[in-house]
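Only one chain is shown below, in structure tokens, and it's the form predicted alone.
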Amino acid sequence: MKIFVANLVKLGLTILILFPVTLKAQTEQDALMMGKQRLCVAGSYAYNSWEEYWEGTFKRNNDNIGKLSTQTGMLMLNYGISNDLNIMASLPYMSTKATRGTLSGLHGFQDFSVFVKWRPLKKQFGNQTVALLGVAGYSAPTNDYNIDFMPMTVGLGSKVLSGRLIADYKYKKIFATISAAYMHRGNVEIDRPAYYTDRQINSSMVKMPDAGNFQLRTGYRTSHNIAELFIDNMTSFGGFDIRKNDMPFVSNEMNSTRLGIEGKHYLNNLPSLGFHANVWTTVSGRNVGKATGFLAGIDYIIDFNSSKAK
């Protein structure tokens, strides 16, 4: 663990030195805002894989699956209604694959998501800046993809209402951002009349547990540069463990903690064009894969404030 954290720090410093970046590509999880009447169009590719997973709290592998990998391509839009009010939308396309056994991978569009991000407070005290933000979100499946084929499915098939609070503190060029979110999940329906969790349930409707997300980001940030370390925790408020040698189920308790680094870079001679990337690994979990992954993306900013788009 100490070796991994040390390598993350070294890689983060390398990103800082080699890739000076402009802070323009924002997400629903950070404390950054898109400026008024500016539209960010972003595309990204992500890959993650695992060979070991947690069956409850017991870590094991499964020779019938081998290595399970997930590839995701995503389009995201972010528009600044004002400097303190943004609206974001995203749509991912996912595919899964196992290297062993007879389970066939699935692919298709997953869930369409929309977020409204509001910054009611931003105060500067000398070299210190404090900001508070709130994010409201909603996501829903874009199609009737198969949710009863875990772990090959591309999603959980649940409609989700979410709320997130974000607090950001910056001293000169060093910052720390902490956020917490609550996700209310709607029930889902599977294509069979009964199923077993920790008891027999004679229904096709599955009650989904709500979940919480906690995230801490810290690093170096100016108006032109960013590189950060992050820790991300996802916790289900309910559900049950995978039974011994059984397949996962959509309403399992799924908890995970990830560590990673992230950086962004905008071209000096074309500041509207930017690149972003992150790498991460799962350090603990329950009923999830011990996955490691990366993301790489590109985004373009259109400025409607000027007569000439930037």
Partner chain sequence: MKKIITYSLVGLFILVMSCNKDIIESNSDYPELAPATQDINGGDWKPFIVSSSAGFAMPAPEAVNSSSYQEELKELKTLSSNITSEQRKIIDYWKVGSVLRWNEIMRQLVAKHNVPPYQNEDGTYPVPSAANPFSYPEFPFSNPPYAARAYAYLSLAQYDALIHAWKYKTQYNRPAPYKTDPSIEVSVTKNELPSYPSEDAVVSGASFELMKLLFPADIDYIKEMAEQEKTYRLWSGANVKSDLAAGDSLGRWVARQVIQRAKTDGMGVAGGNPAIWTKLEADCIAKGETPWISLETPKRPPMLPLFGNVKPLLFDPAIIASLRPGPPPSATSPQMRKELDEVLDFTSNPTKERMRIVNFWADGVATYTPVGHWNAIASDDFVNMQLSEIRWARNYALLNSSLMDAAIICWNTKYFYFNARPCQLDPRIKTLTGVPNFPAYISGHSTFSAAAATILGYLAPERSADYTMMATEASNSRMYGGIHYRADCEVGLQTGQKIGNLAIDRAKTDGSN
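This is a predicted model, so every value here is computed, not measured. Positions refer to the first chain, counted from 1.
Although it is not shown, the form predicted in complex with its partner chain is what the next lines describe.
Look at the stretches 171-179, 212-220, 72-80, 100-108 and give the one with heavy atoms within 4.5 Å of its partner chain in the predicted complex.
Looking at the other structure, the answer is 100-108.
Even though its partner chain is not shown here, does F125 get within 4.5 Å of it in the predicted complex, heavy atoms only?
Judged by the heavy-atom cut-off of 4.5 Å, F125 is well away from its partner chain in the predicted complex.
Even though the partner isn't displayed, in the predicted complex is S95 close enough to its partner chain, meaning a heavy atom within 4.5 Å?
No - in the predicted complex, heavy atoms of S95 and its partner chain never come within 4.5 Å of each other.
Is there a non-hydrogen atom of N245 within 4.5 angstroms of a non-hydrogen atom of its partner chain in the predicted complex?
Flag for N245 set to yes.
I'd like to know if H224 sits close to its partner chain in the predicted complex, meaning any non-hydrogen atom pair within 4.5 angstroms.
No, H224 sits far enough from its partner chain in the predicted complex that none of its heavy atoms falls within 4.5 Å.
Stretch 139-163: residues contacting its partner chain in the predicted complex, 4.5 Å heavy atom cut-off:
N143, D144, N146, D148, F149, L161 sit within 4.5 Å of the partner.
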